[in-house]
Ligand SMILES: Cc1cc2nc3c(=O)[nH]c(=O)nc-3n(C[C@H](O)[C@H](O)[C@H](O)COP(=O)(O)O)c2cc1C
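Consider the single chain below, provided in structure tokens and representing the form predicted on its own.
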């Protein structure tokens, strides 16, 4: 697939089910390659991933529901339950983290750039999530990006034995696509893009 076509194919897919068009082995290969090839400042490689499948995946979303429900207004509870159930209906969830220990070590080694390393780590996180998301889309797997952190951080680390230095950035439920995303709308490009120095 041409890269530009892949950019158009990657969308937030919320209607998913617990199947995949590829093997688990191929799935883990895609994620590992994405993790290894993602750019990072000073080649710091601070991105971390945990893959939850099957029972562990459903356990995660039940834990999230149990934590979110008491904080949700009664008028919104049914909608919230349906949304979380749609994530739980998928095949698995990819948890994205940044290792804060790596960032602290770089801050100590390169004090001139101390204030930048946490920002650069976030840049790398965004690229990692995009690479994984695009790799899933290329293989016909639907996914979306969710952010229930920091609410779930402490219990998540306890439940899944996650190192203390791993800071949760996002959760990506994924699975077989049941319904495709609606057509995407765009703000006029002229309002978002300027150029100088070339003919168009």
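Because the structure is predicted, anything quoted here is derived from the model rather than measured. Numbering follows the first chain given and starts at 1.
Just so it is clear, the following notes concern the form predicted in complex with the named molecule, a form of the same protein that is not shown.
- In plain terms, the part of the chain that comes close to the named molecule in the predicted complex, with a heavy atom within 4.5 Å, is 140-148 out of 140-148, 50-58, 28-36, 155-163.
- The named molecule is not shown here, and in the predicted complex it never comes within 4.5 Å of any heavy atom of residue 180.
- In the predicted complex, at least one heavy atom of residue 184 sits within 4.5 Å of the named molecule.
- Under a 4.5 angstroms non-hydrogen atom cutoff, the named molecule in the predicted complex lacks residue 176 among its neighbouring residues.
- Contact between residue 15 and the named molecule in the predicted complex is not found at the 4.5 Å heavy atom cutoff.
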